[in-house]
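The chain that follows stands alone, in the form predicted on its own, written as structure tokens.
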Amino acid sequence: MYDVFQQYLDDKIVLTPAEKEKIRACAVVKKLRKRQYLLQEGDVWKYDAFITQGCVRTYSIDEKGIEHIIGFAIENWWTGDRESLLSGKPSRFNIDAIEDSELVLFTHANFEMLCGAIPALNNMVNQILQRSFIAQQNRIQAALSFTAEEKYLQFIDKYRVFANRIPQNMIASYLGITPETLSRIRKQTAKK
């Protein structure tokens, strides 16, 4: 499982054998069963987490018991609650496995130490954070401006790999629409 993470790093940056070993020494491998929590609302998130296999979702549950999915993450993606990680405050979110999943975790202190000691890793992380910020801006803009159909079509265009792995009710929650609306949109777009 760690080898998947090492391959990811090798594809992105050049590391010396000593740097690779330093990173490996700080890594903790974790397996999650389908529906198992990685993080529960109210707990403090303390890790930088990389998915080597599987799919997870980040979501909240409102006072009416309705789930609001804010994101999905699959292989070669990072996941976690950045706000809780940086503030040390309890998370407002849950993260659980949609599929059996495997992750590589680093305590935040160890990850910060690695980024400080390995400039290439630090640069890679900064690029990921910049892309993540842009993706969040685009998601907010779509949520405010797009019709339900436009949201769905953009989701399929950007995240086609998710379409067959994630239940439709979860996709609807992510898009901020009802499962019935998503079903109708899917039927309409299939006819086009």
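Computed from a predicted model, the values in this text were never measured in an experiment. When you see a residue number, it is the position in the sequence shown, counting from 1.
A second form of this protein, the form predicted in complex with a further copy of the same chain, is not displayed here; the remarks below concern that form.
Interface membership of V28, defined by any non-hydrogen atom within 4.5 Å of a further copy of the same chain in the predicted complex, is ruled out. At a distance threshold of 4.5 angstroms between non-hydrogen atoms, I23 is out of contact with a further copy of the same chain in the predicted complex. Remark: K46 does not count among the residues lining a further copy of the same chain in the predicted complex, judged by a heavy atom distance of 4.5 Å or less. Contact annotation: K34 falls outside 4.5 Å of a further copy of the same chain in the predicted complex, judged by heavy atom distances. If you check a further copy of the same chain in the predicted complex, you find no heavy atom from any of T181, S183 and A190 within 4.5 Å. Heavy atoms closer than or equal to 4.5 Å to a further copy of the same chain in the predicted complex belong, across 62-81, to the residues H68, I69, I70, D81, ordered by sequence position.
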